[in-house]
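Here you get one chain, nothing else, as C-alpha cells; it is the form predicted on its own.
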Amino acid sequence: MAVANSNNDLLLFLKQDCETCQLVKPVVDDLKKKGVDIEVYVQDYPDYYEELSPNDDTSLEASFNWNVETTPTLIQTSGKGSTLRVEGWDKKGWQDVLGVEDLGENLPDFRPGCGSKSREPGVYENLMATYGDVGIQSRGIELGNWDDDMEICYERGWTDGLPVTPPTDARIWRMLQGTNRKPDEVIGKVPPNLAPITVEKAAINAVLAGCKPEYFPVVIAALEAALDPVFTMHGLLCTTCFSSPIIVINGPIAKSIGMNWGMNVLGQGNRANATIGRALQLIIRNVGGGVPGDLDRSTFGGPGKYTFCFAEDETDDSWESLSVTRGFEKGENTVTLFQGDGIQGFIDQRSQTPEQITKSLASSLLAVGHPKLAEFTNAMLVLSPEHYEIYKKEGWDRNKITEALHKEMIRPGSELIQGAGGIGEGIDTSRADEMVNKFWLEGLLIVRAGGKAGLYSAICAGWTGGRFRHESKPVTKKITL
C-alpha cells in the first residue's frame, strides 16, 4: 500500500461536498494552529480548505490506497499501516485519537459522514484498475491517442455486428466481482475450435455483450450447459439450419436481476434477457471461432444468433416450472439451453375449453420442421398466461397438458411416409403401418411466459440434430455464484 505521507502520524480525508466535513473544518484549523500535525487530503475542491494546507486528492489515489469509504475519515498511522480510524464526526473517537479532551466542545457528539468519492459507482473499479492489482491475465491492446475503442472492437472482429462495450480492465474486474469463481479457472473448451475458456475470458465477453456483474453467474451456467457434450454445440454451430441456443432461466435469480417473463418476453427492451444470451453467442464467436460464413454454416441464420434468452413466469403456483419438471427443486436457480429456431406464432382467440385449445395447439405443432416429419426435431411451446388460464380453470396441470398434446399429435405412418400426399418429404416408408407421434415424449418442452393480455402463444422449432434422440438433448444446469 502506498502511504499518503509516511512522515505524519495523522491523516484526514475531506471533501467540500460534505456537511460533516464542513462541520469539522474549524476544529481542524484550530488543531493545526496549535501545532498538531495533520496531513489533510481533499477529494474535490482543495481551495475550499486552503487554510488547512491540504493535499489535492482529486485523483483519489490516496483515498483509494487508504481504503477510505467515508468522509471525513481520521486515520492514525503507524509505520506502513493504520492502527486506528474514525469515520464521520465522533467527538469521543476524535478526542481519543488526538488526545485532546475538550476537542469540539461546541459540536454535537456525533454526525455521520458522506460516502467517499472513491466509492462512487464506477469510480472504485477504475481506481482499482489504475492503482490496484486487478490481476487481468489476458493480453492487453494498446490504443493510440486518436483510436476509437469501439471501432477497434469492430476491426478485430469481436462484435456480432452490433456495437459492443469495450472491455477495459476496470470493466473486466467489475464483472469478475459477480462470481466467486477464480479468474483463471478453466470452464471448458469452446467449439468449434475447442479453445479453452477461463472465467476471465467469459467475463471479457460478458462485458462486450453489455452484461451487469449480477448477470455473470447466469452467463457461466449457460456456458457450462452449452459445453455439455450432449448439447452438441459444435453441431448446432456448424449446421446449415436456422438454430441457435435458446436460454430459459428459472428461480429467484430471474427476479433479482430484473429479467422479463411477461409482456414482450421474446422481444427487445430488457437488458438482462438481451445481454446474457448475447454473451454466450460472443463467447462462441470470439473464443471458439464460430464466425458466420466460416464454421457457422447456417443457410439463413436467425435473430437467435444475436441472443435468445428469457425467464419463465413462475408467479402462478399452479404451474410446475420447466426446471422442476426437469428434475430440479422448486426455488433453485437454473438455466436450460434448448437447440431451437425462431418464433412460429400461434393465434387462437376462440377455443374456450382445454380440449379445443389442445387440438388447436397440436395442429400448429405438427407444422414444426415439416408437417410430415416426425420424431425428427424437438420443440418448445411458450404458453401464454391467457391460454394457460383455459387449462387452469378446468384443473389441467403441466403433465395433463403435455400428455393431451402428445395424444393429439399421433398420426398414421401411412400419411407421413415419403411420397404420401404427393410430397417427397416424410418419414421412412418402413413405418407406414405404425402410429407415429410428432415428437418423442421428452421432446416437447413447455414454458409459461408472456403478457397477460392476448390469446397468443409461441412455438420454437427444434434443431434437426434433435433427430439423434440420445446424442443431442436440451441441457439444464444449476446457477451458482
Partner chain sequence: MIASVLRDPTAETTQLKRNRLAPPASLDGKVVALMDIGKMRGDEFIDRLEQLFKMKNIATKRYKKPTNTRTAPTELVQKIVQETDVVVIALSDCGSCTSCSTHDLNDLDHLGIPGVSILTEEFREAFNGQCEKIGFDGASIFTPHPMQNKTTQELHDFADGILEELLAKITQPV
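Numbering follows the first chain given and starts at 1. Given the structure is predicted, the values throughout are model-derived calculations rather than measurements.
Keep in mind that the form predicted together with its partner chain is not shown, yet the notes after this line are about it.
Considering its partner chain in the model of the complex, the lone stretch of 224-232, 356-364, 211-219, 150-158 in range is 150-158 [heavy atom distance within 4.5 Å]. By the 4.5 Å heavy atom rule, the three marked residues I343, E403 and A461 all fail to count as contacting its partner chain in the model of the complex. At least one heavy atom of I141 is located within 4.5 Å of its partner chain in the model of the complex.
Among heavy atoms of G267, none comes within 4.5 Å of its partner chain in the model of the complex. Residue contact check for N205: one or more of its heavy atoms lie within 4.5 Å of its partner chain in the model of the complex. For N145, a non-hydrogen atom is located within 4.5 Å of its partner chain in the model of the complex, even though that partner is not displayed. Listed residues P166, P371, G258, G302 were compared with its partner chain in the model of the complex; P166 is the one with a heavy atom within 4.5 Å. Out of the listed residues I172, V86, L127, A274, I172 is the one that sits within 4.5 Å of its partner chain in the model of the complex by at least one heavy atom. Along 173-203, these residues reach a heavy atom to within 4.5 Å of its partner chain in the model of the complex: A195, K201.
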